[in-house]
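A single chain comes next, written as structure tokens; it is the form predicted alone.
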């Protein structure tokens, strides 16, 4: 069965609500993203089990960022969960990324490591303030090159950065901060789902637009009807 090339970001107030989302949408989407709020909340084990039970891909978004030894021990502690995807900040450095990959192989995990480039909540002013680089395209490219050289599996990147990253063909590209339909939010660098997938993203991440909907399944069906002729679904 074809599935929408999207991870749904599970960020409901409780994991019981998240579990309902999983049960409702698991037949429609590629996978689910679990971040800080849900991972560290009550019943997180039940949530992770429900995702695996429904044979969806588990994207654990913990954005690990520390000295190499601390990050590798964190990855080892996640061995029992064995997520399909796990995020790290590329700004943690090449050695941290390389050691993380070694740890994945050592523990025989199926996990693909995704490097976070520049958060979609940050713009050129933030880039200049934090990294002394006002050109976000240049900064993201530098991060992507570090990820590529360290041989991790992929990138988390804004839809606006996809055109700049076409040279990195071996890296999986997942784009957060995307829209199904027009809305206002707190992310400064956003794009639409169909544009992100057309411009080189392998998958997208959709959050509040889905989980805040009164009927998430109907929202996805509406989107499907409007875009069913586009290459937005798995083979």
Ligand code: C5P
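Note that this is a predicted model, so its numbers are computed, not measured. Numbering follows the first chain given and starts at 1.
This protein has a second form, the form predicted together with this ligand, left out of what is shown; the following refers to that one.
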item: Site test, 17, 21 and 214 vs this ligand in the model of the complex, non-hydrogen atom cutoff 4.5 Å; value: no
item: Segment that reaches this ligand in the model of the complex - one of 162 to 170, 24 to 32, 39 to 47, 200 to 208, heavy atoms within 4.5 Å; value: 200 to 208
item: Listed residue (120, 111, 136, 117) with a non-hydrogen atom within 4.5 angstroms of this ligand in the model of the complex; value: 120
item: Contacts with this ligand in the model of the complex, stretch 155 to 181 (heavy atom within 4.5 Å); value: 176, 177
